[in-house]
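We begin with a single chain expressed as structure tokens, specifically the form predicted on its own.
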Amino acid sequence: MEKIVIIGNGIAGVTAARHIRKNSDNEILIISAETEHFFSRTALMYVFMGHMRFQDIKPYEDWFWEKNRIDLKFDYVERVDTDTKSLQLKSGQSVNYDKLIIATGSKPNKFGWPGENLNGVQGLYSYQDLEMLEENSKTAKSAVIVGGGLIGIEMAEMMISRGIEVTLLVRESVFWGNVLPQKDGELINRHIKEHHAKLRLHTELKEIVDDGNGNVAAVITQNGEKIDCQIVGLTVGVTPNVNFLKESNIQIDRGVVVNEYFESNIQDVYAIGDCAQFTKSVNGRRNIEQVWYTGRIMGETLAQTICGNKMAYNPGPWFNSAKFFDIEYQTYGWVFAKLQEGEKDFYWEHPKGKIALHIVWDSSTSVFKGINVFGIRMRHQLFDQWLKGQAKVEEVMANLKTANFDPEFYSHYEKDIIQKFVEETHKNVDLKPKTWWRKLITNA
């Protein structure tokens, strides 16, 4: 029996622990300095807005860990000695391991702005960030959020739910403009303004102003505008949380450098989740993936290797989902901010501006490349199958009714979408009636 030590109790580390337990009697220890028990990081915003209590976002009861013989230690790892296979903890204790899994996640980016360490400046990633935001929002009247990404929009919704005036500083011409195509981003721009958030496009932060007591008083933009505020949310991306490894022999670049089996340069040391940096891209994905579901897949996959069934990371076609206030967003495959060479696209938007579809395909082969949908829920399994099977865009569009996952009583717009698609592309597509979705997979 080996001793498996996991640093970090996020989705990647906990999933690895659960699956190692399912497949072995190995001793398992999880060390975390964030919380004693695992929680759903993506649900932190709902705790702040009062929709849920913190205990509601813990997927497992507190007795789960002892019952499944997964030991937990609330402590901070200060140093890793790979020669002696030991960890030095902040409490002064030392822990030995046979195999080490590093799953320490990310931390918010900072870029050396003047005033970035004032009271009231923060990111939104950890449980400690949630506690800080609770404290900072008690007397705040206005907040400035720097960065046009998913954490930024979550933070805006949280602030607005407490009656705090929000201004978003976004470098691009549309929100999340480094990811969303222009028309998609313009839809989100309008929606943000409908929720009474002020959106400053083409605007970057210059400095954060001190009130004389070490607290935030205002921000000044690169355009010279001064905006009074008591909270500054820094949401300009995250970076792997690996600083504690700098004195070790483990190779780090932006994250812990690993191969497709999550193996680092040191035998019996692995990294998964946000802090892992692959030496080469897997399925065309970025070499650092900071997404909830990929952490889960990495944990499941590494557990197989740890338990003797060596398995490479193979997450399949890209997908993701998020929410911009009231608008749900899903993406399958690749829809880049700017159309790539050899690609064609089609965009449809409902007149009320809250529902849209944007599909991309190869111009010479008609092979479906990716789709963004806003306000429509689509079936992941079907798009995964179409992407793996290199389905033609005509097949995807013809089966939109079956792909639609919205409840029966929702309004459906497939006829309108297909009519415009045929008019613009001159492709011969007949909308097929809704069928049992598994039948399409079976027939593929």
Partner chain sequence: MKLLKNIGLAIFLLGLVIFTALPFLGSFKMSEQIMLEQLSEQELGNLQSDFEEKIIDVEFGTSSAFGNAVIDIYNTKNEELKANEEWDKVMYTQEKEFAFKLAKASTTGFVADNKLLLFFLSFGLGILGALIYVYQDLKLLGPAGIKNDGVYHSAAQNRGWIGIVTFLWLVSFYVLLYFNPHIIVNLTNVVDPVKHLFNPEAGASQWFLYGFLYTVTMIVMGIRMLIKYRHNKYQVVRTITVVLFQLIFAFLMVEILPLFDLPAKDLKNAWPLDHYFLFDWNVQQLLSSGHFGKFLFFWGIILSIIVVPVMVYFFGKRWYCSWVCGCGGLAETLGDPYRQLSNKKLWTWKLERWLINGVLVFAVIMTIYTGYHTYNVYNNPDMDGKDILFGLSAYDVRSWYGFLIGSIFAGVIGTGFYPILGNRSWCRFGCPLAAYMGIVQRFKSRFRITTNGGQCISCGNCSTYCEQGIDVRAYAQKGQNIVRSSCVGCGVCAAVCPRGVLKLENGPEEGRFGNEGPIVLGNDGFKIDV
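Positions refer to the first chain, counted from 1. Just so it is clear, the structure is predicted and the values come from calculations on it, not from any experiment.
The same protein also has a form predicted in complex with the partner chain, omitted here; what follows describes it.
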*If contact means any heavy atom within 4.5 Å, which of 101-109, 235-243, 83-91, 294-302 contacts the partner chain in the predicted bound form?*
294-302
*Quick check: do Phe346, Met397 and Glu424 each get a heavy atom within 4.5 Å of the partner chain in the predicted bound form?*
no
*Looking at Phe74, Phe336, Phe278, Phe319, which is the one with a non-hydrogen atom within 4.5 Å of the partner chain in the predicted bound form?*
Phe319
*the partner chain: the contacting residue among Lys354, Lys198, Arg171, Lys206 in the predicted bound form [heavy atom, 4.5 Å]*: Lys354
*Tell me, yes or no, whether Glu154 is in contact with the partner chain in the predicted bound form, where a contact means a heavy atom of each within 4.5 Å.*
yes
*asked:* Check Gly389 for me: does it contact the partner chain in the predicted bound form (non-hydrogen atoms, 4.5 angstroms)?
replied: no
*Would Ile57 sit within 4.5 Å of the partner chain in the predicted bound form, counting heavy atoms only?*
yes
*asked:* Is Ala33 near the partner chain? Define near as a heavy atom within 4.5 Å, in the predicted bound form.
replied: no
*Check each residue of 40-66 against the partner chain in the predicted bound form and list those with a heavy atom within 4.5 Å, in sequence order.*
Ser40, Thr42, Ala43, Tyr46, Val47, Phe48, Met49, Gly50, His51, Met52, Arg53, Asp56, Ile57, Lys58, Pro59, Tyr60, Glu61, Trp63
